[in-house]
Structures are given as structure tokens and as C-alpha cells.
Ligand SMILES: Cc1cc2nc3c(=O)[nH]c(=O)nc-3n(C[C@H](O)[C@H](O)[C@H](O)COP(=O)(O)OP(=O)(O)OC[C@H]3O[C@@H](n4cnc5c(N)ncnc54)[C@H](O)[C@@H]3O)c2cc1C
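Quick setup: one chain, the form predicted alone, written in C-alpha cells, and binding and motion questions come after.
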Amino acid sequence: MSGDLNEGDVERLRETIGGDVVLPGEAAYDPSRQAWNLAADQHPAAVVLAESADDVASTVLFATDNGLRVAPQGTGHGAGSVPDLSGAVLLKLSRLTDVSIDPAAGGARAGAGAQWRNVVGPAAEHGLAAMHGSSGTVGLVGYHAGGGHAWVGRSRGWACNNVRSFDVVTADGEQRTAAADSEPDLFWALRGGGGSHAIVTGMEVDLFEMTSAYAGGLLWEIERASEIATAWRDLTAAAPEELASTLKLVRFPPFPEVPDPLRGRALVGVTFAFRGSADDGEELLAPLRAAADPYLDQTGEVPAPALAEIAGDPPDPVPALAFGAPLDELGDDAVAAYVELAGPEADVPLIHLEIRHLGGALARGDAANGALDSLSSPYMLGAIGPVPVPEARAGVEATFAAIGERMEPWTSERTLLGFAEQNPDWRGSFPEEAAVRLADVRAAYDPGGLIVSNHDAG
């Protein structure tokens, strides 16, 4: 594709759409091209800030006429692995933030720019909760495209398989609805198969009844990492599906906005959410408290919307790189290696090195599921490294490589799309049969490869 823009076409697009068209050299170009992940340096041929599905369809036709690809982006949390956009239109969907709750049907409709924090509050007004992940700032579309690991995932499965329908614009500029009874192959692909099969402009997702949970976090000095990691591993081995938890070796930056008890400290923490009584939750957590007295105890009964905040993820854009790999086992040697990598003796440029507990419904397949059906690995290893300046990137990437090498004996051959920033080849996230089907759906709906995503299924 040539990437040469026709000035007349640009002006016609500006006159046609309700949103904005921004070109390189214009004052709005730099802020418009920026993703939520500030480490992603995107330089598209043009940026379109859409305000409707009609704007999206017009942008697709404009790009086709000008030999460009189209890169849809809601928030840009996953922009770190987006390919070069010099021959593409960056289609920002962040203005499509409409959200409506249907309490009778137990569902929510949301535009492609909506974030989870736009959903959880309105849903809670009806005693309902959503299958969001650890951060309320994550967009629904990208989250479901990568699968979606929710706090209730161990009992309800991957979030992508709780989607009812997608409103999309396909590569031919047509607006369609993908659901079980309409465009079923596309509906299958969009549920956990990445973002390159169609441009999602809105979606409808399941909600479920939940008003509160016993949740929060426990923190210990980093010197207790071995005891806590072992106790957490043992706890998860017998945990009920109603309990989800994450183990973290975390280094809090010495910034004024970080609360004083955390500022500049290295700690080991367990964050959890339990769909059960506080008494039962306390009993489950007792082995952690017995292993060592917590430095901080932030546990209690919380309203359902608070689950989008308990992980303490930053509420504002940050520059960072991410790493993730499923773990097939977590024996004593794996625990020791994990602590060695980011525990008290380590000096690493990381915000955290975490292990998430998977299993339960996440490992059970179903014929009605989408492209991400199940994942047998019981744990997910993940790391976040800050890159406040470009020069910091090499050190973080080298640390990721060292983590991957050290944990390789226990790492699954399969990746998970939503955590595969350092491994953008989508094929490794699916069994062969599913990978072939994803490629076939892409060929049917976007034979020319118009749509760009961070995991292209081309």
C-alpha cells in the first residue's frame, strides 16, 4: 500500500464525518496519536477521531481509496506491540463511550471507547457486576479481543465468552452485527481472537448479580518473599473457584503521589477477590497470615465496583513494557526461581513481577465458546517494566529475556494473546485448528489485510 494521501479525499472525509481528521505536522497530531501506554511511539499517516460507526465506515473507505491500512484503537493499553503505522490511519475510538445497562436482560451495551470504569458504576446501581480485569481504565474491546481475565474468571471463564454481540464495520465498509445467530464465524473470531477481523464499534456483554465481595490485599516486606510465595502457591493448589488471587513482587517508585507506607519500598503482596463471606475468606487467607505478619492489611468487604481498583494499577497513562507467559506448574524450584528473579537479592528495573492464579472455569472448554476456548495452564507469569525515557527500554527488555530464560522449564508452549506483548505472533496463542480457522475468517472478511492490530491474524 502506497500511503500517499489525496488532499481532496482528506477534505471530503473531514466534511463527511462528525469527528476529526488530523495529519502529521498539525498541532493536534502528537496528542492525537498518543496511546494510553506512553511507551508506544505511533506515527500514522493520519489520525481519525471517530464519533460514530458511520465515521468508522467512512474512514475505512477513505483508507481503501488511498492505499492505507486502518488501525483501530480504543485506549491503547496494548499499543506496545502495534506494528509500524506509517502506512496506516490510526482510528481512535475513544469518543465512543456510550454505556447503557439493561437490568432485566442482565447485560450492558458499550461503545468501543468505553472503559470498564464507565460500566461498573452504572451496573452496580442495579445490583449487577461485570467481568472486568484488574484495571478500570482498560477498554472493553481490546480486553475481550485478548480474552479477558476477570476477577471472577475462575468461576465464570474468560470474559470474551460472556459477550453477546459485537457491532462492527468490516473491511468493505459495511456495518454488521456479529452474534451467535448473525455472522457466527466472525462472532467466534472476535471472542479472544485478536482485533484484526473487523473494527468493533460497540458490544453487548453479560452482567451478573453481585453487590460486594471480600477482597483487597496483604503486603509484607520483600525479605519474606520466599515464605509468602510458598504459602500462596499452597493456598492456590486447593482454592475454591470463587477465590481469585495474584502474587506480586513489587517495587513502588519514590514518587510523591505514592502513599507514604508504600513510597520507595520493595514488598511482596497478595491481591485477591473472594465471592463468599468474610469469615470464609479469612479462613482461606489464614495460611498467608500464619506465614508472616503482614506489613499492611488492606482486606475487607468491598462494593463490587471497587474490584476494578484493588490491584492498584495506575489510573493515568504511563510508559511501560509488559511481559507474560503461562506456567504449567509451580513447584518448589519454580517458586525459588521466581523469588530469585525479583526478590530481596534482585536489582531489576521492574514495577512488579507477578503470578496470577488461573484454572477453574478458565481451563474448561465449551462448544459455544469463541476463539479463546480454554487454557490449561494453572498460572500466568507477568511483569511490568517502566520506560520513562527511551534509553530505559533496553534494560527492561533484557530483564524480560532473563525472566523468560530462567522460568522456561515451567513455561507453557502456548501464549495468551492478552499477555503476549513481547510475542506478537498470534498463532502461538491458539491450538492449530483454531489458528487455521482464525486465518480463514480473516481471509473471508478482510482479504486485503486492511485492518491492523497488535496481533494481526493475517
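These numbers were taken from a predicted model, which means no experiment stands behind them. Sequential numbering from 1, following the sequence displayed.
Beyond the structure shown, there is the form predicted together with the named molecule, which is absent from this document and is the topic of what follows.
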{"item": "Residue contact check: A79 to the named molecule in the predicted complex, 4.5 Å heavy atom", "value": "yes"}
{"item": "Close approach of R109 to the named molecule in the predicted complex, 4.5 Å, heavy atom", "value": "no"}
{"item": "Close approach of N369 to the named molecule in the predicted complex, 4.5 Å, heavy atom", "value": "no"}
{"item": "Close approach of P44 to the named molecule in the predicted complex, 4.5 Å, heavy atom", "value": "no"}
{"item": "Output flag, P72, D313 and G418 jointly within 4.5 Å of the named molecule in the predicted complex, heavy atom basis", "value": "yes"}
{"item": "Among 132 to 140, 272 to 280, 286 to 294, 220 to 228, the region lying within 4.5 Å of the named molecule in the predicted complex by heavy atom distance", "value": "132 to 140"}
{"item": "Among the candidates G157, P326, G385, G195, the residue which, in the predicted complex, approaches the named molecule to within 4.5 Å (heavy atoms)", "value": "G195"}
{"item": "The unique member of W426, W36, W410, F400 whose heavy atoms fall within 4.5 Å of the named molecule in the predicted complex", "value": "W36"}
